[in-house]
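Only one chain comes next, encoded as structure tokens, the form predicted on its own.
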Amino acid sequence: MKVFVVFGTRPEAIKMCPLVLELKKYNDIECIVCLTGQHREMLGQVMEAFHIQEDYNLDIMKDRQTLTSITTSILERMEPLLKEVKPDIVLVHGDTTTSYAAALAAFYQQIPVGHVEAGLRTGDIYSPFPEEMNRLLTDRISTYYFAPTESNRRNLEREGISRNIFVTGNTVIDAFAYTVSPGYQFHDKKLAALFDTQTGEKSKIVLITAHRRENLGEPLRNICQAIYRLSREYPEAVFVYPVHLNPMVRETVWEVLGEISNILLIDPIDVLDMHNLLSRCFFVMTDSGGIQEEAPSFGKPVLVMRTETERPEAVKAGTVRVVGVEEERIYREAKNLFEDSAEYDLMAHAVNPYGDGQASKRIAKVLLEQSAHKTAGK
């Protein structure tokens, strides 16, 4: 079976690389990796961490790229490639513009699509934007659905999709087997100094990520103002914020949070540093989707600085709390984790609903079974 795996952003790569490594174990599967290049430097860091070399790279990234330019570039460059390779199935992940455009390109060539991380929904097509519509459209195109949880499966069924849904867990949990280790030495020099056993900080570390498109402007400023207040109230804590490269993000973050002694603003860190930082921090403040799945594996409470989440399982389990984008509520919810140990323990000890680290094996098993069925039917 010829499996054509397409991804183009850092979050996709983190979740697809464990699957690529699993697929490459089987003689009956020819796993071909295609990067779109929607991200470049940050994507390359993940590929290096997992020791994976792509077979093809569309290299679409350019300055000031738009959703339209990303979509059209992928469609134009995928068409001749799919005609040349002739895969049996195209695998895409999640909700990026890469995933939707690659799925559409495969559909135009009448090649089945497998959607890894299918069935996530917020119910608002503009939030998150454009991810909610990307995943809706990708699911309409797909033939096989690899849903992380039962609630994702139910979302698909409510939309009239009832065939070829496989509940697998989330492949991001699989990634930790490759990225996290007890004696890990951080690549980022500032992080390394923070965790130095002789001279580094012994204080509580709060990990922050915030860069979503819908949070740019006033919401991000509110987030930063809340963090500023927390840093003043808890000088013994260290607030570590890897700041996205988007100039609109960096301008706001540095304006509000720059030059504060217990706020560590650093450039984006590689997946190894990020996962090991997650495993050692006190709690997480984020607007990310993936971190909502990752942090619970390490028993870390997560405050989601968004108005909704497409990952309600973690909210229901108690490890994630959606706190919105208003300064006062973000401040109060974080203050509560600092001061109420019972509340902290309740969130920290919640069960991770996203799987057992075997999602890639389950997906590979499905693909092998589908290949065997097709072979037997010939």
Ligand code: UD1
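Keep in mind the model is a prediction, meaning the values are calculated, not measured. From 1 onward, residues are counted along the sequence shown.
The same protein has a further form, the form predicted in complex with the named molecule, not shown here; the description that follows concerns it.
> Can we say R40, M61 and I70 each have a non-hydrogen atom within 4.5 Å of the named molecule in the predicted bound form?
Every listed residue reaches the named molecule in the predicted bound form, so yes.
> Within 4.5 Å of the named molecule in the predicted bound form, heavy atoms considered, which of R121, R213, R77, R229?
Only one option qualifies, and that one is R213.
> Which residue among S142, T252, T97, T149 has a heavy atom within 4.5 angstroms of the named molecule in the predicted bound form?
In short, T97.
> Check P18 for me: does it contact the named molecule in the predicted bound form (non-hydrogen atoms, 4.5 angstroms)?
Close contact is absent here: in the predicted bound form, P18 is far from the named molecule, nothing within 4.5 Å, heavy atoms only.
> Heavy atoms within 4.5 Å of the named molecule in the predicted bound form: does N246 have any?
Residue-level check for N246: yes, a contact with the named molecule.
> Though only this chain appears here, would P112 touch the named molecule in the predicted bound form if you measure heavy atom gaps against 4.5 Å?
Looking in the predicted bound form, residue contacts with the named molecule do not include P112, since no heavy atom lies within 4.5 Å.
> Does Q65 reach the named molecule in the predicted bound form, with heavy atoms at most 4.5 Å apart?
Q65: yes, in contact with the named molecule in the predicted bound form.
> Taking the partner as it appears in the predicted bound form, which of 25 to 33, 315 to 323, 40 to 48, 342 to 350 has residues with heavy atoms within 4.5 Å of the named molecule?
Comparing against the named molecule in the predicted bound form, the contact stretch is 40 to 48.
> Counting only non-hydrogen atoms and a 4.5 Å cut-off, give the residues of 214 to 230 close to the named molecule in the predicted bound form.
The stretch 214 to 230, when checked against the named molecule in the predicted bound form, contributes no residue at the 4.5 Å heavy-atom cut-off.
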